[in-house]
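Take a look at this single chain, the form predicted alone, given in structure tokens.
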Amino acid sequence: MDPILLGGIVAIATIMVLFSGVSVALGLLIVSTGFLLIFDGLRSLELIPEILFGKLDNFALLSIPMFIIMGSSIASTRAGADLYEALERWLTRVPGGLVVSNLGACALFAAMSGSSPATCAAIGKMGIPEMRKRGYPDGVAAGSIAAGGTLGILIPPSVTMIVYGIATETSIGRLFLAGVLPGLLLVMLFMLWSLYSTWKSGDKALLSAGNYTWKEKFEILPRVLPFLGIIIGVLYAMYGGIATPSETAAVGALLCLLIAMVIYKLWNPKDLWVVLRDSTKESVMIMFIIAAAGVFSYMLSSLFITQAIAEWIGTLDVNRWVLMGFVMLFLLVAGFFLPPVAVILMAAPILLPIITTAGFDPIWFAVVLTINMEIGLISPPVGLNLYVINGIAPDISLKTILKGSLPFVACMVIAIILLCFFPGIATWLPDFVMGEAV
């Protein structure tokens, strides 16, 4: 059978299996095993356990559960609420300062937790009721938190970037650095839209918040600065050549747990057990997807589907930006239905040879891919952040939340366009800190 035609059949079968409701990892294993049996026979089954465990035999994978523990220990405390309150007190005189402080809190909490749903939940519980109480429209209140939560997969340390690095054998340190300036760009675009929408409303009550004394502004900082210090310390250790990403993640996880125990009195064994249990569940889920995606990639390669697609695209006489447009459209649609980790593990090994052959930087592509995944987090039908916000504020309809999120989707599209015109936004910092890639 023609490999291109076979690839189309595999794609349809994968979509059907994943839409049946089975987990992503199990679905990938079912598809991979089925096609290997049909085309390679029973002997192919002998290789599956070796591929599964071989894919997990990677020291860099240790950073995933460590960063997840780091985020869970923060998310299980009042760190998000304190971060929100600190920014609210310091930005109180900025026009529309409340929504700006929410977005700032989302950005910082996302950097600490690396999780989009956790960011939405932690900041939304405080921010949405406060914004609604002060007269902000429901769409602005909910949409800003939903969009701000997506920053968790872009701003380092990001589990999504780690997964991309492992799937494509790209430097995780470079990927982390590549997400910094685009992350700040998105925060700026989100804030500019929020300020404009607040000013456009013409409601003077929205342009000012409560007054706080200098004492009130400084007294909350000791509860926030230790966590920010850990983030800075982790990044410094990683880029200062002191430790590997896995080692810094382990130290960061331990310090976050200790600070949560000291500052927020997280001494109860039941609370600690919840943090470790939830972290283990999420880590195992991601590891299982990584292992299953390894088998899926092997199946595609074994049946010459990957090579045939790359060769076929290489023969197309089209502008490379037209090619990139189709790639981004594919990623956008995939992000509507699948979680970011699954999309990256399934698509990155196939797309990387294509985009590098077309002359695109794989580090730059990682950032563009991640922003596409962010759009999927606030887009139906499986926009996870939309449902998280709806769970926090059930009296705000999903339609209202989605409508409030759409302007922020436009901001992400603008960010992608800017990255296309100015790729140095993503590549300058990694090259400056770590030297140009060979």
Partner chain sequence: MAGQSSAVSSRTGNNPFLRGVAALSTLAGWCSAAMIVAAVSITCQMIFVRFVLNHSTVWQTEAVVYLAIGATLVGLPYVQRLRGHVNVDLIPLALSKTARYYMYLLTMGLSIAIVAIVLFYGYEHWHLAYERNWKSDTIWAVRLWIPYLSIPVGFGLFLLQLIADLVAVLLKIDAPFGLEDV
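Positions refer to the first chain, counted from 1. Predicted, not measured: the structure shown is a model, and the values here were computed from it. In this text, rigid core is short for the largest set of C-alphas that superpose within 1.5 Å between two forms.
Although it is not shown, the form predicted in complex with its partner chain is what the next lines describe.
The single contact residue among 215, 133, 200, 281, judged by any heavy atom lying within 4.5 Å of its partner chain in the model of the complex, is 281.
Listed residues 161, 289, 234, 105 were compared with its partner chain in the model of the complex; 289 is the one with a heavy atom within 4.5 Å. Three-residue candidate spot 11, 128 and 420; no residue lies within 4.5 angstroms of its partner chain in the model of the complex by any non-hydrogen atom.
Listed stretches are 133 to 141, 246 to 254, 182 to 190, 260 to 268; the contact stretch with its partner chain in the model of the complex is 246 to 254, by a heavy atom cutoff of 4.5 Å. The closest heavy atom approach of residue 22 to its partner chain in the model of the complex falls within 4.5 Å. Residue 339 belongs to the set of residues with a heavy atom inside 4.5 Å of its partner chain in the model of the complex.
Looking at residue 411, you'd find every heavy atom of it more than 4.5 angstroms from its partner chain in the model of the complex. Its partner chain in the model of the complex comes within 4.5 Å of no heavy atom belonging to residue 429. Contact annotation for 4 to 42: residues with any non-hydrogen atom within 4.5 angstroms of its partner chain in the model of the complex are 16, 18, 19, 20, 21, 22, 23, 24, 26, 29, 30, 33, 42, listed in sequence order. Comparing the forms between this form and the one not shown, the C-alpha position of residue 320 differs by less than 2 angstroms, with the core used for superposition. After superposition on the rigid core, the Cα atom of residue 371 is displaced by less than 2 Å between this form and the one not shown.
Annotation: Cα of residue 121 displaced by at least 2 Å between this form and the one not shown, core superposition.
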